[in-house]
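Next comes just one chain, in structure tokens: the form predicted alone.
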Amino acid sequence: MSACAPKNPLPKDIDTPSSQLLVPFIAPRSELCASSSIEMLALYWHSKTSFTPALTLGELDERTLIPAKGGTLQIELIAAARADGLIAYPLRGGFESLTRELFVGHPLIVLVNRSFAWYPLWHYATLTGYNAQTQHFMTHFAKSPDELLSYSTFTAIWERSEKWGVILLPPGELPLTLEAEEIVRSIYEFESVGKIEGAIVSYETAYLRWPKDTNLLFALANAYYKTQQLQKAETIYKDILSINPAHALARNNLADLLCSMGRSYEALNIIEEATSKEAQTQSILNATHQEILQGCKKRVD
């Protein structure tokens, strides 16, 4: 197995040979390793930030355990983590991403197979650190906290899940190893389950990293609009159009926002410059244009 693992997966620009995070430990509870893993990360972030978990461990158990399967599918784990108030970001990039995230203080959950491909024993484990000198990962894996797993052993059991892993972070924390597109998607999925305030915090944090990414700006502006932060929404929509004047939906939403504020002349000027080759988008533009022509009245919510 040792030939399958890299000799030293530590990225060259990280000069710290080891990192160990103080993640609270929950002893294994048979088929409840998914909820235990979420709880351990939730308690970790509660100790490090202002984050407060929304669910108890018992509630996590109820949301994750599928009795017929004797465990938890990844989709249930992610859904339960979101309900608890954590944003789920996919892990990409294998060993290098693992060490980078651990280096900046982000413990992770990975899915491993402790048995054989033809008789799998799936298990969620929480990674809490690494030691490049001894070539071990530290993980809340079984009966003891921070159990050492050699790179070779970890590689063997992790590859059986196609290196599945997830980074669970509270609003305002962002993964180090993902690009803007996947970060925006993960935050939007968090927003879509009713966590819009937390999503806005993370959009704003991402905005500091990617101030010219129009997909990010559009998601942030829409979230501001939904929460009636109209001046902020207007500013961001205009930022998008300064970067890409042909952004049809940003132009549509800005016109709709201005209309809702009773600024019909400005709204009409904005929407009349909007066009799209996509039939569905053009239909939206036409509907907004017609609404403005019929007269804008300031909306009171």
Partner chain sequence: MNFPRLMVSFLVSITLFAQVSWAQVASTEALFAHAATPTAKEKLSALTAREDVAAKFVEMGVNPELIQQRIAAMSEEEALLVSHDIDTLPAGADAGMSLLGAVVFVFIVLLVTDLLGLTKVFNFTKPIVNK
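Numbering follows the first chain given and starts at 1. Keep in mind that this is a model prediction, so the values were computed, not measured.
We do not show the form predicted in complex with the partner chain, though everything after this point is about it.
(Q) in the predicted bound form, is there a heavy atom of the partner chain that lies within 4.5 Å of any heavy atom of L208, even though the partner is absent here? (A) Answer no; every heavy atom of L208 is more than 4.5 Å from the partner chain in the predicted bound form.
Q.
Since only the chain is shown here, I'm wondering whether T288 would be in contact with the partner chain in the predicted bound form (any heavy atom pair within 4.5 Å).
A. It does: once the partner chain is placed as it appears in the predicted bound form, T288 has a heavy atom within 4.5 Å of it.
Q: Examine H140 and determine whether its closest non-hydrogen atom to the partner chain in the predicted bound form is within 4.5 angstroms.
A: So H140 does not count as contacting the partner chain.
Q. L249 near the partner chain in the predicted bound form, any heavy atom under 4.5 Å?
A. Yes.
Q | the partner chain: the contacting residue among G71, G85, P90, G129 in the predicted bound form [heavy atom, 4.5 Å] | A | Exactly one residue meets the criterion: G71.
**Q.** All of L57, P107 and T235 within 4.5 Å of the partner chain in the predicted bound form, heavy atom check
**A.** The answer is no; none of L57, P107 and T235 reaches the partner chain.
Q) Among 99 to 107, 217 to 225, 150 to 158, 169 to 177, which stretch has residues with heavy atoms no more than 4.5 Å from the partner chain in the predicted bound form? A) Selected stretch: 217 to 225.
Q. Mind listing which residues of 191 to 211 have a heavy atom within 4.5 Å of the partner chain in the predicted bound form?
A. Contacts from 191 to 211: just V193.
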